[in-house]
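Okay, so here's just one chain, in structure tokens, the form predicted on its own.
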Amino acid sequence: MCQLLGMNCNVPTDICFSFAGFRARGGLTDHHRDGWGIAFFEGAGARVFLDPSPSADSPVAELVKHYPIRSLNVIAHIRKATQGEVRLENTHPFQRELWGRYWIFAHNGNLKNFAPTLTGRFQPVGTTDSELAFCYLLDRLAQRFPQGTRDIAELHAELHAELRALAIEIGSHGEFNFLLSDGNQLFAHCSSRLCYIVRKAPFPVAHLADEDLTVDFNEVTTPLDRVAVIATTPLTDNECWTQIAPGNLLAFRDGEPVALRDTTTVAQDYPRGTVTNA
């Protein structure tokens, strides 16, 4: 099972603390050794780092761990290959342009007998089911919203609903946990396992589950900061993480989740200090 990591904030924030623990799962505290990647949105641009080597041993990961890139939206992925060879072109997250914005996507799961027809606007470069699903998803969005979604304030509910319908359609072929962002918001879909935490004042002192590292967020934040971190399993062992209920899609904006209006029970809390290993 691959590992996902996402961050959405109301002010540009670095992900160094969370990434330190997340990186260890790529060959040190877990068996995901088939590559890793991370993408940071910066204005209209996206800074993407990819490496088909295990993240625990990667010099590129070591650089990112100590590189305080500040971003409103971040998506990272550690791969355990199910479809497609261990190659750079098969390494998540994937990037495409739609409506004049970059979109970043990472998937955890395995889609079987998934062979959709594509229009040709978006084509996979590698051979993973994940990149194929991403291309199909964007293909369908481009058809559904030919005018684009430049006015997010007017169309975010319709976009959210369409993404949820597509997640159900694609997810009928297997596990389809994913993170998706256009730099304005971050979508998180739970098929089997995905959780999140929102950190805001008064900030906690957090301790990583995969590395003996502690940080007091009160020392590195302001009272107005708000940060949502999304992960396959909790990254810390002394905080309460919220499990997204399978089948639900959350949109994170300004450091907090926004569910569809017709969504009922969307989450349940992990007990404090509980860490579930993949």
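These figures come from a predicted structure and were not determined experimentally. The first residue of the sequence shown is number 1, and the count goes up from there.
Separately, the form predicted in complex with a further copy of the same chain exists; it is not shown, and the next lines address it.
Residue heavy atoms within 4.5 Å of a further copy of the same chain in the predicted complex occur in exactly one stretch of 248-256, 230-238, 215-223, 41-49, and that stretch is 41-49. Contact between Trp99 and a further copy of the same chain in the predicted complex is found at the 4.5 Å heavy atom cutoff. A residue is said to contact a partner when one of its heavy atoms sits within 4.5 Å of a partner heavy atom; Pro202 fails this definition for a further copy of the same chain in the predicted complex, lying far away. Taking non-hydrogen atoms only, Ser172 never approaches a further copy of the same chain to within 4.5 angstroms in the predicted complex. In the predicted complex, Gln83 stays away from a further copy of the same chain, with no heavy atom inside 4.5 Å. When you look in the predicted complex, the only residue of Ala157, Ala165, Val125, Val198 with a non-hydrogen atom within 4.5 Å of a further copy of the same chain is Val125. Applying a 4.5 Å heavy atom cutoff to a further copy of the same chain in the predicted complex picks out Tyr67, Arg87, Leu88, Glu89 from 67-93, in order along the sequence.
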